[in-house]
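Okay, so here's just one chain, in structure tokens, the form predicted alone.
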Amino acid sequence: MQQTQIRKKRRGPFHTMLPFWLILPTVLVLLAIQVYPAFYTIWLSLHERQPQGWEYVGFNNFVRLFGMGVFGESVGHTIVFLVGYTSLTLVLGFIIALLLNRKLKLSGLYVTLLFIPWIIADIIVGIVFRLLVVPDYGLLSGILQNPAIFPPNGISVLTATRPPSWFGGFPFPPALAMIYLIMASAWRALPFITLLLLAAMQTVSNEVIESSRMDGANGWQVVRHMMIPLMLPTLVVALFSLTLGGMNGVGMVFSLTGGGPGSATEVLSYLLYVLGWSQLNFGRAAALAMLIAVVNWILILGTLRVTRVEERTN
């Protein structure tokens, strides 16, 4: 016992601070790539670039951002995109998870193949989907531009104008490019959501399913009244995850539609890119980044709350 105390005294301050020195590189990296940019974005949102230098303008960047007509349009486009993207991904993911949960032959191979889109970058996915429908030489252009199939002159997914709005200035129904963007985004996010829902399905007890079938419930009733309620926390987490990814994703829009035709697919994340790097209006871009960050924090806190409730119930 005395020898142990003597050894502790001989170690000195370096050994006492050893845990701090071990995590110091990680802390420095986080300060460089997360903390400093966050505070610098806050600073930028309160300043505006002038010929003589940066000038403090307070919340004028936020006021001017809200006054831009393109901001309101981007909010509408973002809502349409998120609703379509999350709905399509959740529905398809749930259906595929149901099929895989039946333990089909070669189900492991199916899961492996299903995961391939998730490892492809957004930019690459956007380029591939663009090459499918680009006029003249796209793989599907011969079908889409065939007047016999799509009268009178065929359709062009990337250049077709948006139909008249049903709700005043709200962009619904969306342009064909927005629908195609939703489909491409859902295709890439589908593997992760499918595996997440499949893992939740496999936690549902077979005894619960069998007892409900013995009571006369058909397949749809089992899914609706038994599986979905038991999977509800996971479904909410998947919804928050998809919304968070859809709010911040810009690579797919950049490479697939470029915000067009016109501004039909210009969501908030792409507007942030346009303000910052096309117009070099860093003050308003930082203000928009702050608004998106607030939405992100709300989604993250909602996800954490749902997961904590699930842990307590379990």
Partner chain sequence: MKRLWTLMSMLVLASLVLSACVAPATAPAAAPAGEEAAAPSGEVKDFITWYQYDEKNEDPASDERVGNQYLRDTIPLFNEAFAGKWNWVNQPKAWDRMNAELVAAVQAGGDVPDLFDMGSSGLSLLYQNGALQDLSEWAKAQSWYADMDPNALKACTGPDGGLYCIPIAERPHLVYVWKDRFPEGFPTTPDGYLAAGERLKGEGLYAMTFFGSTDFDGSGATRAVFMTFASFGGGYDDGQGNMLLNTPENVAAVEFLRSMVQNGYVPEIAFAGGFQEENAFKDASAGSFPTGLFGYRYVNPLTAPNGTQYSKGNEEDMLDAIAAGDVILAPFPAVEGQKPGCNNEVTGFGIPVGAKNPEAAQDYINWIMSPEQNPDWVLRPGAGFPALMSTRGLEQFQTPFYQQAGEVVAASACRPWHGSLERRPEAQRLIMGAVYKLIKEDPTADIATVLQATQDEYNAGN
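Positions refer to the first chain, counted from 1. Owing to the predicted nature of the structure, the values given are computational and were not obtained by experimental measurement. Here the rigid core means the biggest group of C-alpha atoms that line up within 1.5 Å when the two forms are laid on top of each other.
Not pictured, yet referred to below: the form predicted in complex with the partner chain.
J.: Only one of 236-244, 131-139, 180-188, 166-174 has heavy atoms within 4.5 Å of the partner chain in the predicted bound form; I'd like to know which.
T.: Looking at the partner contacts, the answer comes out as 131-139.
J.: Does the partner chain come within 4.5 Å of any heavy atom of residue 251 in the predicted bound form?
T.: Answer no; every heavy atom of residue 251 is more than 4.5 Å from the partner chain in the predicted bound form.
J.: Please run the contact check for residue 156 against the partner chain in the predicted bound form: heavy atoms, 4.5 angstroms, yes or no?
T.: Yes, residue 156 is a contact residue.
J.: Taking the partner chain as it sits in the predicted bound form, is residue 17 near enough to touch it, meaning that at least one heavy atom pair lies within 4.5 angstroms?
T.: Judged by the heavy-atom cut-off of 4.5 Å, residue 17 is in contact with the partner chain in the predicted bound form.
J.: Does at least one non-hydrogen atom of residue 67 fall within 4.5 angstroms of the partner chain in the predicted bound form?
T.: Heavy-atom contact with the partner chain at 4.5 Å: present for residue 67.
J.: Scan 48-80 and note down the residues that get a heavy atom within 4.5 Å of the partner chain in the predicted bound form; none is a fine answer too.
T.: The stretch touches the partner through 49, 50, 51, 52, 53, 54, 64, 67, 68, 69, 70.
J.: Following rigid core alignment, is the displacement of the residue 262 C-alpha between the shown form and the other one equal to or greater than 2 angstroms?
T.: For residue 262, whose C-alpha is compared between the shown form and the other one after core superposition, the shift is less than 2 Å.
J.: Do you see a C-alpha shift of 2 Å or more at residue 70 between the shown form and the other one, with the core held fixed?
T.: The answer is no; the displacement is under 2 Å.
J.: Using a rigid core superposition, assess whether residue 56 undergoes a CA shift of 2 Å or more between the shown form and the other one.
T.: Result for residue 56: no, shift under 2 Å.
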